[in-house]
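The form predicted alone is given below as one chain in structure tokens.
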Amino acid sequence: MTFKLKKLTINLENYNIMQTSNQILKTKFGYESFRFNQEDIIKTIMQKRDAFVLMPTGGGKSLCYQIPALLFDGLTVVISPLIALMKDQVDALRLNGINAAYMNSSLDTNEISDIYEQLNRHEIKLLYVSPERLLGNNQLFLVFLRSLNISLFAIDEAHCISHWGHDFRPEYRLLSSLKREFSAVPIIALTATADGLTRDDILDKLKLKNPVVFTSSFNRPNIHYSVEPKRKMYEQILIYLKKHRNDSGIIYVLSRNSAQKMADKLKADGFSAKPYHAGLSGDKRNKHQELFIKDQVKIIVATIAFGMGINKSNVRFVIHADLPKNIESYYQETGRAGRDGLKSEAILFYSGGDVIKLKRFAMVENNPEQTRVMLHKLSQMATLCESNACRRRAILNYFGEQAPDSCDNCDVCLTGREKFDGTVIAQKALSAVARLENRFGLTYVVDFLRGSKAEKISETHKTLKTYGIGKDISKEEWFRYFKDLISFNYLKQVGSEYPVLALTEKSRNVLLGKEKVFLVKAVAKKEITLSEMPYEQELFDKLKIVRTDLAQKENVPAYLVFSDATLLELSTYLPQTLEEVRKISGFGDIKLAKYGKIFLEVVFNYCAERKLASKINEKIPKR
């Protein structure tokens, strides 16, 4: 009987916590319901237990500690690696009427002193600091924190603590002392990207006390993944950007030189673009980042140094002009697109030569074990690009998650690929490679098959039987067929800087007619749109202008006022009263009072002119 009463009490406590949590979710953040494991994570933290959270980018990790911070009496300290990330989070919280602050090198002495005073007066609920600020200077700041009522430590981007992680930060290693110094204070560690090896390393290094581990799906269903051949890459990028002039996007490149050159070329071609790389001064990098965040620049061409601190929710595309070094990096970087949940694109331009270039970056001096792991991860990234199977399934399988054979939202699944007997085509391709004695690269072999009259084709080769036997097939189709033949191991690319095509053991049976080869024929690519539901595009564009004006007055990025997802809901469900606006995701009490009438007026007038009625009853409550 006693046990039952105790259990009932605990359940009632959980019920009360979640009732209050749901109220905060709606009134402060404007969302109807929790996503992924948010509800269970919050319960765990409120029971003062440690937690490790692995949740995809855009999945709402921040709410897992922001809501407990508002429920606890004391201060929540958030350890964050980048200044931009701290500022973004704090600006967003303040817009929702929550007293938050950050302490970093961007503040002057007076501003720091003011924050200390607010902390002493218990006026701040969330404080964002870097690991250097928290634990540096003989841990003086840590000593100060002991004088306060600390309710929770949140360690964001927790993969930075692991040398297996893709953004290793040695300073994060010192965070293991938190559990020793504040043994009674719960710790929540969060990351969007960690394979099994990195996960285990994070838990080991942080010394958490019997942590509850929460792993959400890695799936980002709104992102369309595609891999394109790297031939004439810049021309392909231009064609894409011309169709997406009003969209924000990031183009990742391997070197600072490439970042600068491409940004300059895009600017010369009439696009709003800036570079971001280590060769620029800190002030210039910060300026370019700020212009991008505030939508004053549409495109950032960057090395991988860019984006970790970016919460910009309306990035519609991420383009990789060079191969990422592993699937974690690729997932993390592509995850900067579509954080608002709307349809977005991740496009990767692939060449086997990129793998050769990256191999030298994978070599870790005096550490053969780490070198082996890095080379293996690079190989897995290359396989993802070369495979003719669903991209999303490959990504999810990499992180240990099962997935169906088709996702209906990647180039492989959406291009409606039909298998056909391609034995004759394969024989032509393999014969060409054999006649050319395994000594020439892909482009040369394709030109040879198509009977190119170019001077680069040797006169001797023009006399061979196989010269021109593939002129009935387009260049693009040949490249795709060769990609399949390499993927199916009928051919391989060998060599370093300039890889050449060579036959494999499997080639012989095809050439002798003993084995059939089934290739894939591509048909009709589907267009990617923001939403599958009909919405008023003209109204959406008007609302974006209103949002930009408000953001400029507030001196914050436009997406912090409202995400594109909120504007899309307004343009879809056409609310006609403030009570109906309240049902739109993103309108908490503060934002409804502050911006509700402004956006309602635009929607109401638009609908009145076109005799459109509210569709709010069609809205299914969701985040």
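Since the structure is predicted, the reported quantities are computational estimates derived from the model, not experimental observations. A residue's number is simply how far along the shown sequence it sits, counting from 1.
Another form exists, predicted together with adenosine-5'-diphosphate (ADP); not displayed. Remarks below refer to it.
With adenosine-5'-diphosphate (ADP) left out of view, the stretch that reaches within 4.5 Å of it through heavy atoms in the predicted complex is, among 43 to 51, 574 to 582, 550 to 558, 29 to 37, 29 to 37.
adenosine-5'-diphosphate (ADP) in the predicted complex comes within 4.5 Å of a heavy atom belonging to Gly60.
Proximity of His277 to adenosine-5'-diphosphate (ADP) in the predicted complex falls outside the 4.5 Å heavy atom cutoff. adenosine-5'-diphosphate (ADP) in the predicted complex comes within 4.5 Å of no heavy atom belonging to His288. adenosine-5'-diphosphate (ADP) in the predicted complex is approached by Pro56, whose closest heavy atom lies within 4.5 angstroms of it. Distance criterion of 4.5 Å from any heavy atom to adenosine-5'-diphosphate (ADP) in the predicted complex singles out Arg339 from the list Arg339, His320, Arg391, His159.
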